[in-house]
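Before any questions on binding or motion, here is one chain by itself as C-alpha cells, the form predicted alone.
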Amino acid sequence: MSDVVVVGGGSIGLSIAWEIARRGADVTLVEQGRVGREASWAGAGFFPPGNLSNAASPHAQLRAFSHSLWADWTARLFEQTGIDNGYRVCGGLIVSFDASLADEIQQWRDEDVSVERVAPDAVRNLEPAVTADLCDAYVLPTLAQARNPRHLKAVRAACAAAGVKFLEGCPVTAWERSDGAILAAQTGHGRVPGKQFVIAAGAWSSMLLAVAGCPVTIEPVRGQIALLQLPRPLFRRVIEMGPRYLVPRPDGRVLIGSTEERVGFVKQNTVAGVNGLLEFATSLVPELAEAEVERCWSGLRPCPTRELPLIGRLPEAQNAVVATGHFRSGLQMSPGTAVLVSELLTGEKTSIDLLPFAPARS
C-alpha cells in the first residue's frame, strides 16, 4: 500500500508526486493515458511574476508563491536529472490595439512588481519587429518561460529517481470507500490502495470528484496553439494581448496561442482556430508572415465554475486532497500547488491560506 496515490499525471500531479516523494513518502501515480501528454504538454510555458508580500487576492498569492519557487525547482531538477527545462527570465511585453492598460499597470504596481509603461511609439526601440500600430504597452521585466515538454520530462525523471511508481493507461473508474475515507482507487487494472489520495486529473476531475462525494464542475476548454519556425529570433520577450500571446524560443521558434473553446472533450485543430492565431501573430509581428508553420496542436484546460483552482481536502473523504481547475495556469502554478498539497498531506501549516481554494466553497 502506498502512502500517497496521485491520480493524474499532468504538471500538477507530477509535481505533487515529486514533492511528496522527496519528503520520504511512498508514492504511486495513476494516469489514464500517458504521463505529461495532455494540457500541460500543450501549453506555452510562460510565467507572470508576483510578490507574495503584497499579493492581495488568493489567485495572486498562489501565482506569487509559485513564481518564488521556479528558479530553485529548475536548479534542483537539473542537478538531479541533467535535463534543462529551458527556464529563463525573458521579460514580457503586454500590448493593446485599442484600449488603455493603465488599470493593469496599477495592479502590478500595487503588488510591488516591477513594471515599465512604454509609449506606443517607443515599443519598436525595445522590439523592432513589433508593429507600431498600438494603443498602449508595458513591460514586465521578470516574466519568465520554460519549455513544457522538457520540464515535464525532467519532473518525471526526478519522480522516478525518488521512487515514484507509475501506472499509465490506467483510468480510475470508482473509489472504494468506508467510514468517510477512500481505501483504494478502482481501475480497469485492479484496485490501487493507499493511505492518502490526491485528485489532480485536470479536465477529467469532475467524475472522480463526484464519485468521491464532492460534485463540482470542471469544464474542458480547448486551447489551440501553432508553432512557427524562423532562422533567427525576431523578438526576445513574450508578447501578450489579452488571452493571446507569442512566446519566442531561443532557437527561433515562436509559439502562438491560444484559443478558448467550449467544445467538450474534442481535442483537435480547426481551420478557423489556426487561421485566427496566424492572423493575430502577423498583426503584431508582420515578419512572422514569412515563417514556416512547423505544426499545430491543442489541449483541454480544466476550467472550474469559479475563478480559483480547487486545492484542499474533500469534505466527504478526509484522506483525499483535490488539486485541479488551474485553467490556463497549470504549469505556472505547479510548484506552489505541489508544495501546498504536500504540506496538507503531512499536516504542516500551509505556506498560504487555502480556505479560498477549498472544494467545499465551489
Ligand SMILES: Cc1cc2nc3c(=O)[nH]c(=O)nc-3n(C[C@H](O)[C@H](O)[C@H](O)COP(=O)(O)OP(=O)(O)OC[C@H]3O[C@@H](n4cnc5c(N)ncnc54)[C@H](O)[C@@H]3O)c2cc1C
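Note that residue numbering follows the sequence shown and begins at 1. Keep in mind that this is a model prediction, so the values were computed, not measured.
From this point on, the text means the form predicted in complex with the ligand, which you will not see here.
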query	finding
Non-hydrogen atom within 4.5 Å of the ligand in the predicted complex for each of G8, S11 and A42	yes
Partner-proximal stretch of 88-96, 156-164, 223-231, 117-125 relative to the ligand in the predicted complex, 4.5 angstroms, heavy atom	223-231
The ligand contact in the predicted complex: L310, any heavy atom under 4.5 Å	no
Exercise: F327 in contact with the ligand in the predicted complex, heavy atom 4.5 Å	yes
Proximity of P171 to the ligand in the predicted complex, heavy atoms at 4.5 Å	yes
Proximity of F46 to the ligand in the predicted complex, heavy atoms at 4.5 Å	yes
Contacting member of L208, A137, V130, I239, with respect to the ligand in the predicted complex [4.5 Å, heavy atom]	L208
Listed residue that, although the ligand is not shown, lies within 4.5 Å of it in the predicted complex (heavy atoms), from C296, A317, L300, L52	L300
